[in-house]
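In what follows, one protein chain appears twice in different forms, each by itself as structure tokens: structure 1 and structure 2.
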Structure 1
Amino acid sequence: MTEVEEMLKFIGVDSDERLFSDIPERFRKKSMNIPLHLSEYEILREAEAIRRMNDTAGYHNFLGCGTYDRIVPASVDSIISRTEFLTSYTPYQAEISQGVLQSLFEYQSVLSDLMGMDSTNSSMYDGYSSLGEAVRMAYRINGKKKVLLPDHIYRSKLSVIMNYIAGLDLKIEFYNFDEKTGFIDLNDLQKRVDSDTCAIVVENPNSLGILDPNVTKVQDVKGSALLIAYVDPISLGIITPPGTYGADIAVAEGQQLGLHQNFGGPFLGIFSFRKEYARRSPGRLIGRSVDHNGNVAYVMTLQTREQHIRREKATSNICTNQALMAIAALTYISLLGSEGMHRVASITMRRSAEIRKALSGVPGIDSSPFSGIPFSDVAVRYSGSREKMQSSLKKNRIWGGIPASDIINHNDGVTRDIYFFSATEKTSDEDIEALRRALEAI
């Protein structure tokens, strides 16, 4: 007898069909339009053919604006391929899951240090949803009715925030950037802050790619509003972290910390906050404690905020998160160390500066449309034909030149004719030269 026959016999049925006798005939599926099964060899061959449909010939990459082609150390991929990490789940049974728990505790620690914040949860889905959750958290804390966002926020980021707050009695108001510097217009912002302002969201670098010194001054004008910062975690190797300019909640997209671009996912939502707000925060938190023998042990804590206990009163609905991506980010930061993090950030900035310099002599291109300096995303202004630019880029195997009007919510004098070319530590002299020539050839 086979295993299956033995089991059927033990249960006392002659066929597994009997185990479905509770599903009424009218609901039984008659067909399912999916091909028949394959062997492993065949599925790999099919996938092989599909991967070749992607254009893999050489190219120069200047795409960024939130997702970046950075070096992923081999050890990061190796560690997150450990099947003990890869194929386990949320550490509900802490005693047998100390590996994931200690790793996530270290992630919370390292990221809190990087962000300059007290505490960090063990991960959210991505940067955008983290920002949506941050605004919700601010509303939970002070119940005020208005959130101030930068006028030139990415359209998709704004859309995510709007979905996250659709159920709240909270309205969005926008503040402006200064057209010349590309910085927050502090006067405009100050005018909009009132006693009913729940939170102010600042970005650094901002959606124009610019490092904005005015973010450090927002604490002076914020009144009783909470300050939420959205930052680039790579920039923090060199740029002052949100904790130093009074952020109450700080969030970031963690893709750059050892994750591949992944065609947009999985990513990593970094979510940090002042410790006094821990009980109002969303997501899973790992705490350090001891076991019955007094040995150090890690365990999920403050679970009474979460959906499985608090249900409709939970601080968030999040359950499955991005734990593996958190372990990747932790491994990445651990490998690079303080010096490596500083280097990646400074090389990126140097490359951005070189792009600006190289394009400064190209006719029709203004490579310094703002006086502020870019981190990764270099904004250039070009008032010629978009189609001609794109066809020249394409001909020269350059990917980049995302038009501001495609991704930024509000388009006015600030974003008019702006295109983005983004740098990372991978950007080479040849890449930059190729870009210069392609733009010259328009």
Structure 2
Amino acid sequence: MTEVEEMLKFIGVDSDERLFSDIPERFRKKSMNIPLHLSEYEILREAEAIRRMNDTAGYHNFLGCGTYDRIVPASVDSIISRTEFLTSYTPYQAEISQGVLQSLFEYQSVLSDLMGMDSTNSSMYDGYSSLGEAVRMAYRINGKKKVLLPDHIYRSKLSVIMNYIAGLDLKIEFYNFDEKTGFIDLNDLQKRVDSDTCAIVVENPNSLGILDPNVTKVQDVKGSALLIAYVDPISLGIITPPGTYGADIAVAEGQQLGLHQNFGGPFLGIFSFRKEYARRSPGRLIGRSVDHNGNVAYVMTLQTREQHIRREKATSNICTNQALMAIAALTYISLLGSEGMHRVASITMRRSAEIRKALSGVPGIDSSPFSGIPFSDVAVRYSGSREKMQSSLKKNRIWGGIPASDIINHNDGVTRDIYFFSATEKTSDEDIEALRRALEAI
């Protein structure tokens, strides 16, 4: 009896095909056109040759609107692949988890500095769930009934918020943008703020891709409402952090901080807040203390989920966190430092400006539908056939041109015929020239 036969007998199946019985027959690949008896290295070379046949290879990538293709230093992947981090679970036993706890403590410190806030928890699932938790936290703090959201928030983001507040006595109301600048309409916002306003959510850059200076003025009109800021963490290398313009809670998607796009995850939810709200915050806070001998020791200071002693007093039902992703973000920021973060943000803005300039002379294209400055997502207005645009982009091997109507909550005059092309520090002159030619060809 062969080893394979012994293993099959032990687990109670009569053939290795039975192991794949859950996969429909029509989807099973019977053989691969790879010679037998190849070495591991030779197999990898064959696999790479097959990969090059994929039609997706060699595309110019202008996809963004929430997740971005940025340079990830090799050191990030190397560090988070270490078994001390990769295999770690929740560090319940502090005495054997000092390395992970210290790393998460440092993550909290670095992110608090980046966000300009007092405190940051040790991570949430992703940016959208962080925003949902922020709205719930605001409700716990003041108990008021109305939440003001940007009129052009992403539908997917709104959906997560609605799921998170289901069952709470909260209602959603939307405030407007200025159609020319793409900024918050402060007059409209002020009219909507009243004594029962729980929180105001602002975005910077906003859903139109614009860096919005009016977010710094919301504190003047918010009254007693809490200010929740949703930000792009890379942009904080060059623009004012939310803590300096009065944000009570600041959240972000941390994917850009050393995480690959990974077909949509896992990502990282960044969640920062003012220190007086610590006991109303979700997730976990790692603290630094001393042990019996006076040595520095790290512990889980606050654990607010229902599985612990909090039970019905839990501030969140998040059942884990993104510790490995948080350590990746810590590694990324530590490697770049403040100068590196500034450089990445500056290059991103410059590339966005170059996209605008390159498309400014293309017939039928308005490359500056808003006077506000884009950070990464560049809005372009094109009133022609959507099918023609997508066909030309595909023919020229370009990913991008996300229609605003597909992602933004209210598709009105502001967002009608808007498409997004996103820039990062990876965007090259060749990429931008290819985009210009593709749009001219329409």
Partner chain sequence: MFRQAAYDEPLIRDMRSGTTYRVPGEHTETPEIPDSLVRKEINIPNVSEYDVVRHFTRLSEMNYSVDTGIYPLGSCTMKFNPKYADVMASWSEFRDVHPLRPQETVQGNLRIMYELQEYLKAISDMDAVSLQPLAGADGEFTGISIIRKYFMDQGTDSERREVIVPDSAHGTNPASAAMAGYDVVEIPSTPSGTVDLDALKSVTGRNTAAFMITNPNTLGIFDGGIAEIARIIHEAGALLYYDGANFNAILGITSPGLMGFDVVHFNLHKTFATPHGGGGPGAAPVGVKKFLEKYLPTPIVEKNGDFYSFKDVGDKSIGKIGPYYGSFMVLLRAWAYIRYHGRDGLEAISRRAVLNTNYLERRISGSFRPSNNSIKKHEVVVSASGTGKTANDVAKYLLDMGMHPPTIYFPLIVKEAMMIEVTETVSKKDLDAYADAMLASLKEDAKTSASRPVNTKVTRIDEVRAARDLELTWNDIHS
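If you're wondering where the values come from, they're calculated on a predicted model, not measured in any experiment. Every residue number counts along structure 1's sequence, beginning with 1. Between two forms, the rigid core is the largest collection of C-alphas that superpose within 1.5 Å.
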Quick one, which of these two is the form predicted together with the partner chain?
1
Would you say D412 moves its Cα by 2 Å or more between the two structures, aligning on the core?
no
Is_shifted K388 between the two structures (CA, 2 Å cut-off, rigid core):
no
Using the core for the fit, does the CA position of E17 change by 2 Å or more between the two structures?
yes
If you line up the core, how far does the Cα of H37 move between the two structures, in Å?
20.9
